[in-house]
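What follows is a single chain, given as structure tokens, in the form predicted on its own.
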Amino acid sequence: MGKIKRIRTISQSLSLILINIGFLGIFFKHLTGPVFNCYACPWASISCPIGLLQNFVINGQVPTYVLGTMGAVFVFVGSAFCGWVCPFGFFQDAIDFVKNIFKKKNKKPRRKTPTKNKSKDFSLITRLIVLVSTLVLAIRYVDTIFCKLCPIGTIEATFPYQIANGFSYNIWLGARIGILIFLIIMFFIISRFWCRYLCPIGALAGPSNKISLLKLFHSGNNCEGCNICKDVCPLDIDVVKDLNSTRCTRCADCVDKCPKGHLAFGLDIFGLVAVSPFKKKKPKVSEKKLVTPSTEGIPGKEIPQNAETLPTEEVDVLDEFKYREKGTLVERPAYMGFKKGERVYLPYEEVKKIGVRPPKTSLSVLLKQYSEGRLAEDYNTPAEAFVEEKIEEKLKDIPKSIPKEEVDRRHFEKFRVPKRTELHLEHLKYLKELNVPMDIKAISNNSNEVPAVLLAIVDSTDQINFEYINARDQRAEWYYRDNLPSVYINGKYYNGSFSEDEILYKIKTERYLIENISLIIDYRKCIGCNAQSCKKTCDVFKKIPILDEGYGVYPLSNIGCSLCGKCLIECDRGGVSFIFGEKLVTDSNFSIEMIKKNSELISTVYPETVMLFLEKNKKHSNRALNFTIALSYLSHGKLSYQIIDVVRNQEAVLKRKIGAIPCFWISDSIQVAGMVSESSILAFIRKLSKWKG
């Protein structure tokens, strides 16, 4: 709860007591206030304006006193009494408070759906209808009909009267209770439903917001993409576009929640003097600035180069060996996520427990290899140091408390050395020079099914993070298991043969993607995001500071992103996207909401590889790229893709007779070209899926 909202809650509580201070014998029935309060309540200390209006018109008199009193208040403060004093508004706010408690229990908060501005004055019309109907019925039936059905009268007068004098049923009582129950249900569905559509006092107070001395001011700064003021408004007012709306109750929630201080209440004395007390809010600067955006193509603030950074966690293994107690250097298993050839210091007792083979090399030799840059090379050990029978004995001694996944990993490690194979020299050189991260997963029924050439490729570079998943493991449910073994490279299913050339071609394709695609963050849409789903999804976003405005351009090769696409799906504000090229070319109308809604349909596609014909630094090509990344992730990687730059590969365009760019191409009969939209993409997916509707 913000500071202004706490003050407003205190004001509403005190007003409720002062308006109903009759329990102390203090009454001001000759006074009327522009609030919705029943004068028939035993404790009510002031009169109700709607009740007085009905009595005046019944007696054939012009209600100058009521209209003059309320008009004077409305000219000065507008409808501020509705948000700060009115007891029935306080009752609706209390219901909103209860409703928000239940909403917080939901896993993922949802943003309000945008409403069209064409119907923004519809609520004023309905309130005027209620006001006119109240006066017409009073003249026609010479009775205060509205007071007999008034919901606040039911709470403040009917219930106390029934409790004090005994229950007596009549048709008016049934109608009152029915209306009150209906309104309470609507309050849980629509915030401030009474104030929005039915309040007759609001019909008089609403238009005064345009001419009152107290006005809502906006600093004029660009707030596009933030929409926090609209999200917190209980009446769903687009505050920036419709300042001082006829629906506004001056609750000041938008002023309280604006992260930059662009909104404020001030005095506008008939256009001559304007007092707008703007207070700039200090931007929250993250203390952990590990990655700064590229200066090219980023409007707005730049992160200073001397920003504080966290110390790196990497420690020189040899230095650790020299200064620690007696122990040895051992090789970390690559399948557990460590780099191949990486060595770590462990005491002798720990080495005996895990059964990892230490190198038969002295410290002086290791230091020499380290100075010559040969430490990462694999070393040979005598055969007796790694005997299969000894490992089988160790597997039998594994306690039952060890998880099944750990048993599978240890069992899998047993087959790594016997299944190694020799690679072509050119491929070996290419893998040694690989400088982008690769994430490879193998899913199979047992470790014997993992291709030996795949293990050889993994062992030849330290840029590949390899993981083996047993098909019976719960994690394997996300992956494609109809054709095992199943191999995923950077989250994309690889459905070719497991030859050395084809796997290397797939790795080269992934390298081209990472080196030519950049991550784009629209910081305007990050303002006020409490979910921070991007940081929960991927550790890469924990290294990126959140700026106040502008865009962040991050080449994937610089931040270690493998382009799995999960961040694009999980960001519910649309602030994450990708571009193909070097220039910042974005599409303000880009959306993947329809694709997300059809995630079940997309997950049923058969494994396919899409040829994506794109042109660098083009808006429509970037739109098609983001659609493809989203489809690939939602299909659980079965819809893999590779990009073809049409400028550099015109022969491929002519060969496949591509007529328009961008183009999704699988065959002559299944392709989408030209202005790619979500509907055309879904039609494309239906051709690839099992869905026959």
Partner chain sequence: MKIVSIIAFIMAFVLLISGIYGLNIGPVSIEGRQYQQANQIGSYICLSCIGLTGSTVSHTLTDDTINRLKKIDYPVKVWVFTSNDCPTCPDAKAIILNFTVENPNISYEEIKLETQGQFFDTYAVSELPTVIFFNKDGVVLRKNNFVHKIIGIDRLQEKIIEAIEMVS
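Positions refer to the first chain, counted from 1. Every value quoted in this text rests on a predicted model; they were computed, and no experiment measured them.
The discussion below concerns the form predicted together with its partner chain, not included here.
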Exercise. Just one of Y39, Y633, F664, Y641 has a heavy atom within 4.5 Å of its partner chain in the model of the complex. Which one?
Worked result: Y39
Seminar exercise, completed: As a check of understanding, the residue in S168, N589, N100, S499 with any heavy atom within 4.5 Å of its partner chain in the model of the complex should be identified as S168
Exercise. Out of the stretches listed (591-599, 194-202, 147-155, 459-467), which one is close to its partner chain in the model of the complex, meaning heavy atoms within 4.5 Å?
Worked result: 147-155
Problem set entry | Contact of K619 with its partner chain in the model of the complex (heavy atom, 4.5 Å) | no
Problem set entry | in the model of the complex, D96 touching its partner chain (heavy atom, 4.5 Å) | no
Exercise. Is the gap between G33 and its partner chain in the model of the complex 4.5 Å or less for some heavy atom pair?
Worked result: no
Problem set entry | Touches its partner chain in the model of the complex: P63 (any heavy atom, 4.5 Å) | yes
For this session: Determine the residues of 51-72 with a heavy atom within 4.5 Å of its partner chain in the model of the complex and present them in sequence order; the list may be empty.
Result: L52, N55, F56, N59, G60, Q61, V62, P63, T64, Y65, L67, G68, T69, G71, A72
